[in-house]
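Starting off, we have a lone chain in the form predicted on its own, written out as structure tokens.
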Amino acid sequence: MSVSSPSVFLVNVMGQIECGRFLNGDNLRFHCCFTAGHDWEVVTGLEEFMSQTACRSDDERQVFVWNFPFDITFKSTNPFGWPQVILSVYGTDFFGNTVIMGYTACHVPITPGKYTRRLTTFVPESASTVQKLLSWLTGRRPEFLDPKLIAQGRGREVTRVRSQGEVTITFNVMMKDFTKFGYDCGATGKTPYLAVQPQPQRSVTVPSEGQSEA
């Protein structure tokens, strides 16, 4: 009985968005979405979701803990347009207004395994000092109309941004039928994990009768 070759390869991404570190703001939550090329399609899982609200911890770390899990599976025939995860973090400012606290994005790891990523977040800057003062007083900070813009390179060179905080994400990546399309994902399984290298054999000379070992 002949076995038909697979028509697509699968990439499963599990993990969790663990915590964030921000100097300003409180009551932080995030909006997360995945984006990929035209040849990619979501098989199972949520492509967009919103987290719960987290408060700043009382210890010396001063972190916002979410521990929000995610699980999504993609299928494709072409690795071009590899999936990316995009985060938009929102919080409250000094006046209680809901404002953007940071954007960040990264590619899903391209090899199977467990990974931890610390992503630096950034926010758009106002074009002038007057606009910056008005946005701070009114609570209407500059934002991107489409957060997926940060996953593209087009037009990014004219956007003024500044770094603000970081987010920690863990990934668990699994792949299926990837090598059957002629792609090398770096986990062929030819070399066992922590394989013990064979020791070279030492030759032993047995002395004949009448000869000493010295």
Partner chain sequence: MVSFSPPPSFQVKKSVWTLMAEVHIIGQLSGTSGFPCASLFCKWSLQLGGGWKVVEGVSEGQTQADQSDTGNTSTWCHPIDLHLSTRGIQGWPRLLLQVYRQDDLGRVDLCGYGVTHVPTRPGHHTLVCHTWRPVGTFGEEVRRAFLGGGPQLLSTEFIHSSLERYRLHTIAAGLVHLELGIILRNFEKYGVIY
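Positions refer to the first chain, counted from 1. Please read all numbers here as calculations on a predicted model, not as lab measurements.
A second form of this protein, the form predicted in complex with the partner chain, is not displayed here; the remarks below concern that form.
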| property | result |
| --- | --- |
| Per-stretch contact check against the partner chain in the predicted complex, the hit in 53-61, 25-33, 66-74, 143-151 (non-hydrogen atom, 4.5 angstroms) | 143-151 |
| Contact label in the predicted complex: residue 39 to the partner chain, heavy atom within 4.5 Å | yes |
| Residue 174: touches the partner chain in the predicted complex, heavy atom cutoff 4.5 angstroms | no |
| 4.5 angstroms heavy atom contact with the partner chain in the predicted complex for residue 88 | no |
| Close approach of residue 105 to the partner chain in the predicted complex, 4.5 Å, heavy atom | yes |
| Partner contacts for 77-92, taking the partner chain in the predicted complex and a 4.5 Å heavy atom cut-off | 78, 79, 80, 81, 82, 84 |
